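As structure tokens, one chain now follows by itself in the form predicted alone.
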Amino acid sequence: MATPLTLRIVEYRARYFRRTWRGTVVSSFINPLLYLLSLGIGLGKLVDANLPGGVDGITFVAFVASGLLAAATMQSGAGEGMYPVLVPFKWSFTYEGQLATPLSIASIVNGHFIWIAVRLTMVAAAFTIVSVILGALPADTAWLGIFPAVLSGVAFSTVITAAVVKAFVPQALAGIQRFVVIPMFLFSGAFFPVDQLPGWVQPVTRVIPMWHGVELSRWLILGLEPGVAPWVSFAYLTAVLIAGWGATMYLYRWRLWQ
């Protein structure tokens, strides 16, 4: 998968990011940090003061921070599958230029997702470091949540990328953000246990990839028993990643007439 030509795409994305990273600071880092400070630490003091034993035996700030690690990473993954995909297709015609070189569609798609994995690792690592500094997560196990956070983020980004290539209109990006990404973010269990939701809603949350990432992160960082067996969540996220990657590869070939 990581052939020399694929790595050229990763290098291209890294060089581009070096000049544009300032525009991603708010969505990738500042927003999750504000959620952590306001809900985790601010509201958390009230929750812990009125709920002896915290949430499932842990402090509310740790509960929120471990969930936000996966949820915020997946949100960043969704963003990487939107305009960074639509712009080269619709306006800059970058893909046509790349295909005039020895690069293939496979190397473009694989390089795209490898770069997203690198990018999300940076996002998750930065959030983890800040959470440890603020005392929201234990320093010895906080890093364990990075892998499931990145896995769920990349898996979701494959689905978003495929949807954007298929829709091919800017208006679709606003709809995906409003009606897919934000509801998933709110109902992923990052801010409250999903067993507090109405009974008919709870099975729906288990279809959300973000929920599986949140559950795995909490399990690895805090030792909380997940809603389903960990191997089920890992298998589910892997299946989503493979299906999304396959759909993206097909749609890139279809869109670029290869």
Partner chain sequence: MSDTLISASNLQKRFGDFEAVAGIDFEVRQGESFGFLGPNGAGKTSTMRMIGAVSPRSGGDLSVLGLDPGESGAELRARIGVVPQRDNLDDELTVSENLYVYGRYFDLKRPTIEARTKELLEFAQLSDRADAQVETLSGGMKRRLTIARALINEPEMLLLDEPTTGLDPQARHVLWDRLYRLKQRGVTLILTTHYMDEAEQLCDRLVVMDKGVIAAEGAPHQLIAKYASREVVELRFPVGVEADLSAEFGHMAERVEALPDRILLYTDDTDRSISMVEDHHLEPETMLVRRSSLEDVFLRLTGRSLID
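All of these numbers come straight from a predicted model, not from anything done at the bench. Positions refer to the first chain, counted from 1.
Keep in mind that the form predicted in complex with its partner chain is not shown, yet the notes after this line are about it.
Novice: Indicate whether residue 121 is a 4.5 Å heavy atom neighbour of its partner chain in the model of the complex.
Specialist: Heavy-atom contact with its partner chain at 4.5 Å: absent for residue 121.
Novice: Does residue 99 reach its partner chain in the model of the complex if we count a contact as any heavy atom within 4.5 Å?
Specialist: Within the cut-off, so yes.
Novice: With the partner left out here, check for me: in the model of the complex, does some heavy atom of residue 93 sit within 4.5 Å of its partner chain?
Specialist: Residue-level check for residue 93: yes, a contact with its partner chain.
Novice: Is residue 103 close enough to its partner chain in the model of the complex to count, meaning some heavy atom within 4.5 Å?
Specialist: Flag for residue 103 set to yes.
Novice: Though its partner chain is not shown, can you say which of 21, 234, 250, 12 has a heavy atom within 4.5 Å of it in the model of the complex?
Specialist: None of the other options qualify; the answer is 12.
Novice: 113-121, 85-93, 163-171, 178-186: which one contacts its partner chain in the model of the complex at 4.5 Å, heavy atom to heavy atom?
Specialist: One stretch meets the cut-off, namely 85-93.
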